[in-house]
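Starting off, we have a lone chain in the form predicted alone, written out as structure tokens.
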């Protein structure tokens, strides 16, 4: 919730915190990203899963964008909670509970804060990762979204006084590298794990969607 430095039309979270409207804008942008990459995510899922990851996320984020067009909750945490409940109810497969849990834990971490700061964004990312790990029982190296999210959180936490923009940019960069790292791995969780060694050579769709979302949050404009 993105890049800094411009007076007009600047990206989210340069020096000032991110308001509820800023978070809502980021999630609407995420809906556009999921629509744009729906086919790619489905193609990634086809050889190792149910070929529905792109469709499921597109459906969930489209529903979320629709809900936000009707009303934006008063605080960033409330917006994140709306994201959680919408994704849990609208996204099928494993992605709904995992992403829903991530957003719900993030909402709890930021509480009733009126704006997200560098510190609260870091806390939200860490809480989201902890929720995904608790829900999916995966760890780094299992070829799941954790391989993108865990390094993203570590990179975000390593940013020292750079503002929300720097935190999210670092997270997005690390998530993209983490997603790519799943290609040579043997999947140990989810449907892909049933394939054993045959899962090698396939980039995990959940890791890819995680990287796409974090990149969107880092670059979205007001």
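Numbering follows the first chain given and starts at 1. None of the values given here were measured: they were computed from a predicted structure.
The following text describes the form predicted together with a small molecule, which does not appear among the structures shown.
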| query | Any of the heavy atoms of residue 73 lying within 4.5 Å of the small molecule in the predicted bound form? | reply | no
| message | Residue-level contact is defined here as any heavy atom of the residue lying within 4.5 Å of the small molecule in the predicted bound form; does residue 28 satisfy this criterion? | response | no
| request: Using a 4.5 Å heavy atom cut-off, state whether residue 88 contacts the small molecule in the predicted bound form. | output: no
| field | Touches the small molecule in the predicted bound form: residue 104 (any heavy atom, 4.5 Å) | value | no
| said: 118, 157 and 162 - do all three of these have some heavy atom no more than 4.5 Å from the small molecule in the predicted bound form? | reply: no
| Can you say which of 144-152, 119-127, 76-84, 106-114 gets within 4.5 Å of the small molecule in the predicted bound form, counting heavy atoms only? | 144-152
